[in-house]
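Taking the form predicted on its own, here's one chain by itself in structure tokens.
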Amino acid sequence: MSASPKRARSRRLVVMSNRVGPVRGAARAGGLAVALVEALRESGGLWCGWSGRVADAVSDRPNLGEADGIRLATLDLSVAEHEDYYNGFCNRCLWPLFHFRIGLTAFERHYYEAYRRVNARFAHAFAPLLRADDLVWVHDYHLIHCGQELRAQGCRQALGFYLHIPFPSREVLLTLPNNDQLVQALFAYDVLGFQTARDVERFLDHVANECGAQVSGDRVTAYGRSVRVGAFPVGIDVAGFERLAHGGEGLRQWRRLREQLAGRQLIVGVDRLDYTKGLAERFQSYALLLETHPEARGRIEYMQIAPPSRGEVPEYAAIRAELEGLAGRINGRYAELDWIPLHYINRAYSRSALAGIYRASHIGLVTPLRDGMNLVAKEYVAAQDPADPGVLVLSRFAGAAWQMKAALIVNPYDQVAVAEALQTARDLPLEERRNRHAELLRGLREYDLARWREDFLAVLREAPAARAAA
């Protein structure tokens, strides 16, 4: 998708997301918060969304505030909304479905009704805060209907939507009751952004075959509206993460781990505790490495950091129990008095500490069963010492694999192949490690977090020409 490279400072950016992230702590939070806060600060922008609070009684009048020149508008969720909208439709329905896990999807119609109500509530509360020439950027699967509800409120501003998770194939999406209403809601926007070209292809296949849409280049027409569609892969702040890895807490963690490892190689995985991350398959692949390559025993360690999340959702309790059992069996079978093969850690670390852990490791193991992008893969590469870099082993089903061809790309369902990739990574010569890392780092710098943001906003600024159907 072509876009104007010029930055327009006169139009205010309004971001709508499920959660209003930290503003003053954006650099520590990393990821999306960094890019959005910078753009919001530049335009004197407004950030709207859920406050993170759940209350018995809630008001439809937004809580207003300001931080570092950015206006904030938030709503609390009721107990019922949190259960049915957030835990229900968002996390028990859309999340597994969009990650191709039909068997884990809870098709409850009252979940969808709550989702529609919360999207409408957000739109009703935040629409009066908009200016006529605002650029409105709605984020992720929690708020798909928000654009449609804003249009119903009479909003004619340029509206963009970005999906941070994969878009499912047509056959998968069709299993969702009301899938037609969900897809139609996307046509309320002027610009639709996806992580990869493959996500765009799946979206276009669905709307062309199920909605009768007309596709012409990056413009798609259906339901009386024409929208622009493109792939905008999320990047990272490369220089910022490099600094984290080589100073302060990152440097201390690197020194500490190198001393503890005493020459042993470290495999590191960092993932939110989630069934989409392929952690059980990853543990089993590591066990297979130890079984088939006994020479690795005592010479390699695997550290998996997996902070728990969404504890109210039953599927998350199940994956946690499964992983604890696997970790116990692997350590029980292979551990020695002076060596523990698997360190399974259920707590979060700061980004600076993680940067040092990445830098100290010989292998970064990133093998989700399905992922929109996966920024851990990119942060792992940015943290490495170019003179002696580690090796990235990356799932072909992570969006990052489309950009990071110099990683060792694996099928996470093939445990033998993953085990062999780990063995290959252990023995990879220094020159090849340097060459692979240099290629990966070039890609990260070419399409970083700032470019992701600016590419999308440049297209959104052109949106008025795309509002009416052709």
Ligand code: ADP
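Just so it is clear, the structure is predicted and the values come from calculations on it, not from any experiment. One-based numbering along the sequence shown.
There is also a form predicted together with the ligand; it is not shown, and the following applies to it.
Trainee: May I ask whether M303, H362 and V381 all come within 4.5 angstroms of the ligand in the model of the complex, judged by heavy atoms?
Mentor: No, none of M303, H362 and V381 comes within 4.5 Å of the ligand in the model of the complex.
Trainee: Quick one: find which of 167-175, 313-321, 267-275, 394-402 has residues within 4.5 Å of the ligand in the model of the complex by heavy atom distance.
Mentor: Single hit among the candidates: 267-275.
Trainee: Pick from A348, L261, L251, V79: which residue has any heavy atom within 4.5 angstroms of the ligand in the model of the complex?
Mentor: Only one option qualifies, and that one is A348.
Trainee: Here the chain is shown alone; which of F126, F161, Y85, Y358 has a heavy atom within 4.5 Å of the ligand in the model of the complex?
Mentor: Here the answer is residue option Y358.
Trainee: Could you tell me if N374 has a non-hydrogen atom within 4.5 Å of the ligand in the model of the complex?
Mentor: Yes - in the model of the complex, heavy atoms of N374 and the ligand come within 4.5 Å of each other.
Trainee: Is F98 part of the interface with the ligand in the model of the complex - any heavy atom within 4.5 Å?
Mentor: Residue-level check for F98: no, no contact with the ligand.
Trainee: I'd like to check something about P307: if you look in the model of the complex, is any of its heavy atoms closer than or equal to 4.5 Å to a heavy atom of the ligand?
Mentor: Contact check for P307: yes, within 4.5 Å of the ligand in the model of the complex.
Trainee: Look up in the model of the complex whether L354 has a non-hydrogen atom within 4.5 angstroms of the ligand, and give yes or no.
Mentor: Yes.
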